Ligand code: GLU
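One chain comes next, on its own, written out as structure tokens in the form predicted on its own.
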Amino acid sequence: MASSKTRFAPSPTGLMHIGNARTALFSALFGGTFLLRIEDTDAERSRREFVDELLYDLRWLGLDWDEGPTNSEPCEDWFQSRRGRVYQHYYDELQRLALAYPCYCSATELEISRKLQLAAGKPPRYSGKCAHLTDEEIRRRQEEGRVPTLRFRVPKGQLVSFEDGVRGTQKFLSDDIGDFIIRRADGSAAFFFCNVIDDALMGVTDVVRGEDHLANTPRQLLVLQALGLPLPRYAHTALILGDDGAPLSKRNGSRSINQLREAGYFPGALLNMMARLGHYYESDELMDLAGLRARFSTHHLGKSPSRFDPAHLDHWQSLAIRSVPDAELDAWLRAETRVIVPEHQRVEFRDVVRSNCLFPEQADTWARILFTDERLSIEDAAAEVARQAGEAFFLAAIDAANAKGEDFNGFLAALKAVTGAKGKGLFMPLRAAFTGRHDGPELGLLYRLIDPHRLHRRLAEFTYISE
């Protein structure tokens, strides 16, 4: 939608996780203009360092925004903590229209009222106790030093309906909502209010967000209608569940984007995984951001929760490793790994990495196996293979390697002729001796990459293991 404008409006109270990163991705894929806004009205929990990390995460993922802050320095344009003057204008307007009023109810009074309503089988909502205070009653409460919140006066007997981009027609009765707080007692704007005011003033046409915000929408539409401000379209995406079926959290597998980046995941792997969490693509191929955007549609967003599966992410990581340019793959490796790999063997080592590794530490392990004299860590399965092959097998392998040199096929033929071994009985003991492992790169590639003296020494060492 070339004329659309979406937004991502996070609160900087922690590191960005998969759930809110997916919201940012879906908003960016929707099309048109993508706006970033920082909703930092929670003064106690908002931190500037979280804004810094948020901006870095988005840029690392490739989710560049068309409108929004360039750094973490709070400003009136994009940080809600600096927009109090803007919100005050609309508070005054609602009070002028008698559509907002001060509420002096204490937290204790509200909790008692809530419990009584629940005990009576009624949905908890504000009773309206302060909705009709006289000027004298207000003055007396002010003299007592009581600081009010400001509540929006919800009209009675109205049906609030809207067409959700995922869930179709949604209908809410205003009598079930209750008057809600739009300004806290400390003067800060409540989410219901500042979120929707900024959407209207910033020209947001389409809001893509989680279904946990679905019940907020009728409240926000009522505010916009009361002020005569434009209404955006909404699309509420299904929640993401963890491996235990509960909403995704640290407890059941969620990690921050920072943690995933530090682990070595490529941004393309995360983008392709997240794009398919609750959204259907006909293609199973790895796509760049432009490809994901071209095939994205709210009609392909599911209504049922989607489950985050780490194996699913690892699948996309394996495809990303196979597709990234050589320079990017080299930069992904640890600095010490790059030092270990001989320059003339760098191309073949990349093949090892692309086919056998998901993370930098795995690439480092293979570099040390292939290019250093560090003692091999021998897996139990590899040791058992060596014992079954026997001492004579490895002595024959040493002779064949000495006779055939770099000719791997000749080496295999000579070894097979002497031992009669074939199939797994031929390949598995060699793999064990070369690497100490029972799986890994193609055997011929290992034979070419490991220095002949190192390879001969390992074969000799395995004659003792096989005893």
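Since we're looking at a predicted model, the values are computed, not measured. Quick note: we count residues from 1 along the sequence shown, nothing fancier.
The next section is about a form of this same protein that is not shown, the form predicted together with this ligand.
**Study point:** is_contact(residue 213, this ligand) in the model of the complex, heavy atom dist at most 4.5 Å
**Key:** Yes.
**Study point:** 4.5 Å heavy atom contact, residue 83 and this ligand in the model of the complex
**Key:** Residue-level check for residue 83: no, no contact with this ligand.
Check your understanding: How about residue 191: is it within 4.5 Å of this ligand in the model of the complex, going by heavy atoms?
Key -> Yes, contact at 4.5 Å.
Review point. Does this ligand come within 4.5 Å of any heavy atom of residue 209 in the model of the complex?
Key: Yes - in the model of the complex, heavy atoms of residue 209 and this ligand come within 4.5 Å of each other.
**Study point:** Interface residue in the model of the complex among 272, 317, 337, 195, criterion: non-hydrogen atom within 4.5 angstroms of this ligand
**Key:** Exactly one listed residue reaches within 4.5 Å, namely 195.
Check your understanding: Given that this ligand is left out here, which of 449, 459, 16, 9 has a heavy atom within 4.5 Å of it in the model of the complex?
Key -> Flagged contact: 9.
Point to revise | Heavy atom within 4.5 Å of this ligand in the model of the complex - qualifying residues of 144-166 | key: None of them.
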